[in-house]
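First, one chain by itself in structure tokens, the form predicted alone.
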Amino acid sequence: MLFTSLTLPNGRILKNRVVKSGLSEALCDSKNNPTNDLISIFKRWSQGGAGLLITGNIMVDRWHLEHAANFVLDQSTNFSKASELANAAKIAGSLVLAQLSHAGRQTPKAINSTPLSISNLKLDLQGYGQPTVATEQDLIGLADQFSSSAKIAEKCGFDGVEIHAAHGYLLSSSLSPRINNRSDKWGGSVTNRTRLLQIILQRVRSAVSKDFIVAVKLNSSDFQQGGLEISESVQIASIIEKEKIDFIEVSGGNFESPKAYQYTSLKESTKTREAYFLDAAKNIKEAVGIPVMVTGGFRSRSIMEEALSSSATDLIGIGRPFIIDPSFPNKLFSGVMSVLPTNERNFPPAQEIPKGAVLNWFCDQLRIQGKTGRGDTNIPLLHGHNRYLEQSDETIRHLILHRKNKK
């Protein structure tokens, strides 16, 4: 079934079921416009054969970035560079979605020391500031930002947008009973906590054409005590399905509990497990009539095929292997490859290395690929980790300097 096409509710057709899920590419310049490196990467991903490419974290508000080198889509964007990226991503027949996001309380303190959030609950990690609680006017304004960015995305040639309501960013925080402690109409019940996302979807859908894809990335669970659970995710999926969305991507976790970025080392005795959100996705798929996509852990073609044939999911979302081998979809389809790159399994168990080291190593590989056209997997884990941290600090300095010069 990996080879088969899929027709979305709005009539758009994906040529196959393999999707490059959103990565935090963070390869934009100090004005938050795409660099040639990022554009070349998306061209290679399209040429690799995937049916759909989803960008990572295109922000709707340049004061609420997840990373200083995020792509931003607003009226200050270089539309020409944005169009270049969209066209590169479609060069070999892939469709491309702009993943729209607002980092909320997960905005680094160096970028914004008092980020807007659904509540005053501070992120329990070093380097993040005390949030400012969003007023009703702020939340309505947020809906306008998402719809404006979606309209720009369509103008620049993207085939659609994915609204990022997972991984602890602002919309994910709004859905979480642990983070959203409001007592007004934006908090409390599942219906109230979904209100912001629902309004954003309504605004986005009314701002774009009928054949423009609108998708949502949703946490199956926050994997934290008191956080969002699968039973509530099912309810949320049923609510947002009514807003004429085309599919739901299922993931999980946030910065404090990064379940989406987990990995299993070969040194660990536990059996390597793939598709770790698949069971949750089954529950969501049973509750909705639109396609569902699962991202997280897929590495074996046999397991991908089983997930599709069992109707547990309609689309297979894959991230890290695209960084190591952008052409793996074509290799899967031709039979040259049956198991995707699993570099992370060669690293020590998570408890033996610095927090975030594996994720940072992959981010460094992505940067290398942008520069040279291929990664370098011989680079040691800690070397790549430390270099990425240094690059991130340098990027923040450039961003801050640019903002000061603008004043």
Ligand SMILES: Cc1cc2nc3c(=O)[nH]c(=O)nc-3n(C[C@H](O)[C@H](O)[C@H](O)COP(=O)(O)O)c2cc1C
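For every residue, the number given is its place in the sequence shown, counted from 1. Please read these numbers as outputs of a predicted model, since none were measured by experiment.
Another form exists, predicted together with the named molecule; not displayed. Remarks below refer to it.
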- From the list 253, 160, 115, 296, which entry has a heavy atom within 4.5 Å of the named molecule in the model of the complex? 296
- Note on the structure: Only hit among 203, 193, 285, 320 for heavy atom within 4.5 Å of the named molecule in the model of the complex is 320
- Message: Quick one: 99, 164 and 276 and the named molecule in the model of the complex, is every residue within 4.5 Å by at least one heavy atom?
- Response: yes
- Item | Which of 392 to 400, 379 to 387, 20 to 28, 5 to 13 sits within 4.5 Å of the named molecule in the model of the complex, heavy atom basis | 20 to 28
- Task: May I ask you to state whether residue 363 is within 4.5 Å of the named molecule in the model of the complex, using heavy atom distances?
- Result: yes
- Query: Given that the partner is absent here, does residue 105 sit within 4.5 Å of the named molecule in the model of the complex, heavy atoms only?
  - Reply: no
- Query: Heavy atoms within 4.5 Å of the named molecule in the model of the complex: does residue 57 have any?
  - Reply: yes
- Proximity of residue 359 to the named molecule in the model of the complex, heavy atoms at 4.5 Å: yes
- Message: At 4.5 Å, heavy atom to heavy atom, what parts of 199 to 228 sit next to the named molecule in the model of the complex? List them in sequence order, or say none.
- Response: 217
